[in-house]
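The chain that follows stands alone, in the form predicted on its own, written as structure tokens.
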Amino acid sequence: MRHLLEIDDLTKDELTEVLDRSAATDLEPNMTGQGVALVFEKPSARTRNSLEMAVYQLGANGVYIQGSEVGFDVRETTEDIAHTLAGYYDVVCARVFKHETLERMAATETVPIVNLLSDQAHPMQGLADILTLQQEFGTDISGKTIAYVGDPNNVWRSLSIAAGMLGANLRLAAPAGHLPSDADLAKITDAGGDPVISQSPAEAVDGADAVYTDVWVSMGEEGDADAKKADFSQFTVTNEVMEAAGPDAIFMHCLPAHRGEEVAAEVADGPKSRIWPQAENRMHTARGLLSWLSEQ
């Protein structure tokens, strides 16, 4: 039984196949009559809508379930919830606060578990990010340089792993006190990546093919908002930052964007921005992944 809790649950060849299916315009519906549980402890515009449409396009039925309706370890144990949902659904997709919740569900070996976001990883976003890069630069993105300016969070981890597996170069610019852990770097290195870490946005984006950022304060970190905004105040992606990148560089953001904080409005809404194709690709890569997963 296969699960997707992080990008490196796939081999390089499997990642390539998922991306190929995601890019296909004639993908055959191969989940007719199946059910997909969509469990959300955290709300999301892109994740819910992209998954519901992907499931529909594959001929399956997706059911949205709020986290409070199942109550992980409140109403029932996480393991009992996984067993219960497995009696109704062929795949369980969950957007959760703790990555451990997904690991415990997967350990029941009842049905495939897909991570729609956890505190540690966001593989569905990583797939969409790579598809966006492929649409811009071609299927082979080896040798391309992605500069990530901002907090090395779950989005950064999954993107870094995927990029490393496919031979792209990763640079990170983040302030002192917000640099990735040794464990994060080791995981990326194991996947084939060789991340370059900097505390200078200008240094990180120099000649880069893509510049990526995310919000400074993730959902659940609201109590640290003032401190993080102060720490990251010099890490806004502005036109000047984009001009330091390569001449054909694109701007990427997983959204929602806080214009005037991590990105200037003229960048987010400017000609180099690819945030809307990137958001749409959440649906295409969800469809590609579920299509592949249903055949394993």
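Fair warning: this is a prediction, and the values are worked out from it, not measured in the lab. For every residue, the number given is its place in the sequence shown, counted from 1.
Separately, the form predicted in complex with ligand CP exists; it is not shown, and the next lines address it.
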Triple contact flag H122, P256 and R282 to ligand CP in the predicted complex, non-hydrogen atom at 4.5 angstroms: yes
Close approach of Q34 to ligand CP in the predicted complex, 4.5 Å, heavy atom: no
Taking heavy atoms and a 4.5 Å cut-off, does Q57 contact ligand CP in the predicted complex? no
Looking at the partner-bound form in the predicted complex, is T47 within 4.5 Å of ligand CP by any heavy atom? yes
Can you work out whether A202 and ligand CP are in contact in the predicted complex, taking contact to mean some heavy atom pair no more than 4.5 Å apart? no
Please pick, from A107, A186, I197, M219, the one residue with any non-hydrogen atom lying within 4.5 angstroms of ligand CP in the predicted complex. M219
Based on heavy atom distances of at most 4.5 Å to ligand CP in the predicted complex, which listed stretch, 265 to 273, 241 to 249, 65 to 73, 38 to 46, is the contact stretch? 38 to 46
